[in-house]
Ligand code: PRP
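In structure tokens, one chain follows: the form predicted on its own.
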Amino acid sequence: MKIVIGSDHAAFTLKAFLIDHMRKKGIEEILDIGTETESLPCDYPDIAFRLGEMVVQRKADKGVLLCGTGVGMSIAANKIPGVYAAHCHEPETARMSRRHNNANVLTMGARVLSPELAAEILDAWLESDFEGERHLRRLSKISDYEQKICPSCSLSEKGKTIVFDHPLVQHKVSIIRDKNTSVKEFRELVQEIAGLMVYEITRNLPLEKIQVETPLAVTEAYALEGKKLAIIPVLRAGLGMVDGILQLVPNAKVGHIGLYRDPETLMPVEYYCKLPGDIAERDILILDPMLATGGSASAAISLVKSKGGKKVSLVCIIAAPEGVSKVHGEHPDVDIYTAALDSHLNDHGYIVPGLGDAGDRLFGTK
């Protein structure tokens, strides 16, 4: 079991005590993320956010957060989707937080608990397992609500499907569905939708603090930490999404993948592939407006992975359940972002209600 533990200055001494206690119990994998001293004040949210993200990203199995009362750490940690932090004052509550609530973070207060009682609470928490069954149904309602209020906030190693229900996205999708929408307007709206979607997709890009001199003073500001992005449209319809994304992330590199369907086998066949040379170092967004059967999208993902791509996501505008199932069946690690998840495919493989052939409508070739 890997445990990550963090505290503010008020609980620094308790943190050291509990680390020693866990080691005596045989827990060797303990990640101490600070703070490093009790003499310098620090802000508990910084510790809570860092620890919570580590737990959600599976860099640790469980987390322990400590501050003066434990309340601040609990509030901050529970802002992270996927973190279920339990604030406990005695062992039975700690046990039940694991058995019924599947708490993955424990918070305690150094000013309200003796070190011995805190150790007893920690032991009860670590030794208890989630019971599942009826509790799983209730927890799923929490995770569903997290997805609703912030589709792209969830941090996880497992691929997920995120449907953007932002009013602006939904409004624009309604217009491009209309068969009377002109080619010019359709093309502009696809770019706008892609831009709005990537705005949310990049929510978790890491930042670093920098200093900026304004006309009045030097101030602390933030800049992107240098995360490398690549956008790869699947020809030809994926091209319609590129400019909308580049307007927001102009330094992203662009690759291209060309696929066609063999008329006899109905399998995707590669006819063109040009990717950035450093594709293995980049977060990759594969662009394909329509996720119908999922055959082409899944083949494009496989192709990118064969060229060294590691962190791959699929960005669509309209998706069908059949396509989502196909992609996640073959690539369970890939996130799928879409503006709409429609009903089904018809006998010709078109998404219903859909919007027709996205490539024809983008380029006026119908």
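Here the structure is a predicted model, which means the values were calculated and not measured. Counting begins at 1, following the sequence as shown.
As for the form predicted together with this ligand, it is not shown, yet the points below apply to it.
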item: Proximity to this ligand in the predicted bound form (heavy atom, within 4.5 Å), stretch among 227-235, 247-255, 135-143, 99-107; value: 227-235
item: Complete contact of L259, M290 and T293 with this ligand in the predicted bound form (any heavy atom, 4.5 Å); value: yes
item: Contact set, 215-229 vs this ligand in the predicted bound form - heavy atom within 4.5 angstroms; value: none
item: Direction of the Cα shift between S140 and A292 in the predicted bound form, where the change is 3 Å or more; value: closer
item: Change in CA distance between S140 and E200 in the predicted bound form, which is 3 Å or more, as closer or farther; value: farther
